[in-house]
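Below, in structure tokens: the form predicted alone, a single chain.
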């Protein structure tokens, strides 16, 4: 899981315009102060990087980097 978190933090870095320290506990939209369109851009990057698809209903329950890492790992295991 820590490897997935570090990869997600790397992917999230270009969207981190306010220089927040990124960690598993980072709340993607609240801590980084990014809007839903930017979140979707980030999610597309994640989907491309891991070659997965994340359904919107799953995404709506995903708040932190750790939450997203769990989703990514579950989706990559299915593939």
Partner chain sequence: MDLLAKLEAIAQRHARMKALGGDAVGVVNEKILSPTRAIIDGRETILAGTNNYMGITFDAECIAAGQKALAEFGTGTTGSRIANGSYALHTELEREFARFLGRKHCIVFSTGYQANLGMMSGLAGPRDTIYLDADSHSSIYDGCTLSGAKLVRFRHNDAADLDKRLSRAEEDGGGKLVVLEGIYSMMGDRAPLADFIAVKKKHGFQLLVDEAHSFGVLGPHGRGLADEAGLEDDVDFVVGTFSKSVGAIGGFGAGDHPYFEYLRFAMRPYMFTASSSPASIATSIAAIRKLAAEPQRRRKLAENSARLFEGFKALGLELGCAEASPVVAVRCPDEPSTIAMWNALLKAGVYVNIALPPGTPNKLCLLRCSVSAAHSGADLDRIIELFGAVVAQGHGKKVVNG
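Residue numbers count along the first chain shown, from 1. Owing to the predicted nature of the structure, the values given are computational and were not obtained by experimental measurement.
The following text describes the form predicted together with its partner chain, which does not appear among the structures shown.
Visitor: So in the model of the complex, does any heavy atom of residue 55 sit within 4.5 Å of its partner chain?
Guide: It does: once its partner chain is placed as it appears in the model of the complex, residue 55 has a heavy atom within 4.5 Å of it.
Visitor: Can any non-hydrogen atom of residue 30 be found within 4.5 angstroms of its partner chain in the model of the complex?
Guide: Answer no; every heavy atom of residue 30 is more than 4.5 Å from its partner chain in the model of the complex.
Visitor: Please determine whether each residue of 37, 40 and 44 possesses a non-hydrogen atom within 4.5 angstroms of its partner chain in the model of the complex.
Guide: Yes, because 37, 40 and 44 each have a heavy atom that approaches its partner chain to within 4.5 Å in the model of the complex.
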